[in-house]
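One chain comes next, on its own, written as structure tokens: the form predicted on its own.
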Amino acid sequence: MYAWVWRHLPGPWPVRLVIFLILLAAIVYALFIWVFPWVEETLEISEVTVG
């Protein structure tokens, strides 16, 4: 998967590296802002009871 992304990025390898790092940061940001809060609400992870 990473090789496929790397081959499709434009420019020489330093430019590809910068673009790849920006893409990676955007993915991590999206996970923390939208995906993880949705999963926490859906699965009710914070409401743990021990009996």
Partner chain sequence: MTMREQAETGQPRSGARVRGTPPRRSVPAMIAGGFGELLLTAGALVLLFVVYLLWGTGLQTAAAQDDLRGQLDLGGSASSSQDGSSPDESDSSSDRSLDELALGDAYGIIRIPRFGDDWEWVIVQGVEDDDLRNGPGHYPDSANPGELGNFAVAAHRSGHGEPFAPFPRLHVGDIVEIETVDGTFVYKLDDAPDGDSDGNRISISDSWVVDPVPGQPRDAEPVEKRITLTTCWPRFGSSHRMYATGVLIEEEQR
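This is a predicted model, so every value here is computed, not measured. Residue numbers count along the first chain shown, from 1.
Missing here is the form predicted together with the partner chain; even so, the following discussion is about that form.
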| item | value |
| --- | --- |
| Partner proximity in the model of the complex: Val15 to the partner chain, non-hydrogen atom cutoff 4.5 Å | no |
| The partner chain contact at Val28 in the model of the complex, heavy atom, 4.5 Å | yes |
| Residue contact check: Val39 to the partner chain in the model of the complex, 4.5 Å heavy atom | yes |
| In the model of the complex, residues of 1 to 15 near the partner chain [heavy atom within 4.5 Å] | Met1, Tyr2, Ala3, Arg7 |
